[in-house]
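Read the single chain below, which is given as structure tokens and is the form predicted on its own.
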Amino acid sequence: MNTLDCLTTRRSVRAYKPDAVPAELIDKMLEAGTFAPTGMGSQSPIIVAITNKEVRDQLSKLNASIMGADTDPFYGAPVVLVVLARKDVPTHVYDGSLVMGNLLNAAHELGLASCWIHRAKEEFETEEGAAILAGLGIDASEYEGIGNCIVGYADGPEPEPKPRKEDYVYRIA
């Protein structure tokens, strides 16, 4: 698949099979994430790859509580790639967003389904979220959660694209 095909055919998937994702595919996604452009080459983001079901379920429950729900906001996906970025870098939100985009597009290129799940910022502002990071030697006070990239195999067909809005692009010639 070429880049433009990847970009125009990727969809956000909200139903996943419980099947494990091979480590080599996750590693390829992670590498793609590390090559996202960052302001002044700062490489302010970090990625936490969660394949441990217990930690994945803990984070899912935390995310659900933040949005006031008791459902799985990760839609059964077995992998969560959390992107965080250093708060002291002025472009950290943009940097982390580009990492998320690379992860999502790499998943599609590799035949995996994915979706950006919000509330990562709020997850890691909690004591429970900070403790997850502390277990990795990461000081949560130095980072802002940008997004959760859920990954797995789609349980059903991917959604059809919505039509592009007419006023998406303006030109100055």
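Not measured: the values here are computed from a predicted model. Each residue number is its position in the shown sequence, starting from 1.
The form predicted in complex with a small molecule exists for this protein as well; it is not shown, and the discussion that follows is about that form.
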Q: Would you check, heavy atoms only and a 4.5 Å threshold, whether Lys17 touches the small molecule in the predicted complex?
A: no
Q.
Can you tell me whether Ile132 touches the small molecule? I mean in the predicted complex, with a 4.5 angstroms heavy atom cut-off.
A. no
Q) Are any of the heavy atoms in Tyr75 no more than 4.5 Å from a heavy atom of the small molecule in the predicted complex? A) yes
Q.
Residue-level question: is Lys61 within 4.5 Å of the small molecule in the predicted complex, judged on heavy atoms?
A. no
Q.
Among the candidate stretches 118-126, 25-33, 50-58, 136-144, which one is within 4.5 Å of the small molecule in the predicted complex when only heavy atoms are counted?
A. 118-126
